[in-house]
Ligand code: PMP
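What follows is a single chain, given as structure tokens, in the form predicted on its own.
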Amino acid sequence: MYYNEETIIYYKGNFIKAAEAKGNPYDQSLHYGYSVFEGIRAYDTKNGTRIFKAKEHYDRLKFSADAIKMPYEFNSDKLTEITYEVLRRNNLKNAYIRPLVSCTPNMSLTKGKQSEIFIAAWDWAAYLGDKLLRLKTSSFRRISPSSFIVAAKVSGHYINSIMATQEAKDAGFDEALMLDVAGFVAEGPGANIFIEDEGVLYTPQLGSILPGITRATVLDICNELEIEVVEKQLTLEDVHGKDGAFFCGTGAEIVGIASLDDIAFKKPFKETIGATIQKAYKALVFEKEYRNIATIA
């Protein structure tokens, strides 16, 4: 689903066919998960194909590499140009984009010697679908900021996410909600969470969560629309049975949540603040006006 015989990627400084790409089985990233990545989206807007918040994503890619002492000599503006070329060569307008920085062979537990970048794009609908989600509180806790730099998107960190997601799916749920090491609500395996209660949105404070670019966008939208948001530590009691909730992330976009641990949220999602944010976000990425959301289809 990600590529075919004609798909073009950017790899090791060249545009090549994905089917012809060759890696090295001794790469440090393969053995230790020592790589960093981003998830980015492009949209077919009224002004043409636009990569949403390309600079923010590529700047965070550099931050992630710097955080784990990975060599990084790439320029965000240049990477954005390359990404538009990947889209053009694959005739993609609405697409998911995956840049990944990996390291060359090194079997020791020391920082990388040299890094390489891979950029691919493909058609991908919303990562979590467009139906309301049934969540299960995971038994796996979010990685500890005492052990990892949680603000960095490091490939190895996401084993934690895979375990949580699969546990939820094996139990018959759509996705997981993860707590931090202290037992407070953190986030989904690949998305941040917002909870609505009596006209106010609540979201976990920074510290044990990924400071998502979509999360920051939601906060900007709330500021523009004069929606009150409180960032604080939240317990499961602060979530169970409240008015509404939604996940947000580049892959997920804005997706409503029906229940947590089979405890339903009170309001129909279409009547929640989350539905308003969902419409506003959709308008924003397609470069439409969203401040008067009553006009948004």
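Numbers follow the displayed sequence, beginning with 1. Keep in mind that what you see is a predicted model, and the values were worked out from it rather than measured.
From this point on, the text means the form predicted together with this ligand, which you will not see here.
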Heavy atom of G188 within 4.5 Å of this ligand in the model of the complex: yes
Contact flag, Y158 vs this ligand in the model of the complex, heavy atom cut 4.5 Å: yes
4.5 Å heavy atom contact, N192 and this ligand in the model of the complex: yes
Residue contact check: R50 to this ligand in the model of the complex, 4.5 Å heavy atom: no
Contact check for K62, M70 and K111 against this ligand in the model of the complex, heavy atom at 4.5 Å: no
In the model of the complex, segment of 74 to 82, 87 to 95, 131 to 139, 209 to 217 with a heavy atom within 4.5 Å of this ligand: 209 to 217
Contacts with this ligand in the model of the complex - residues in 235 to 253 whose heavy atoms fall within 4.5 Å: C248, G249, T250
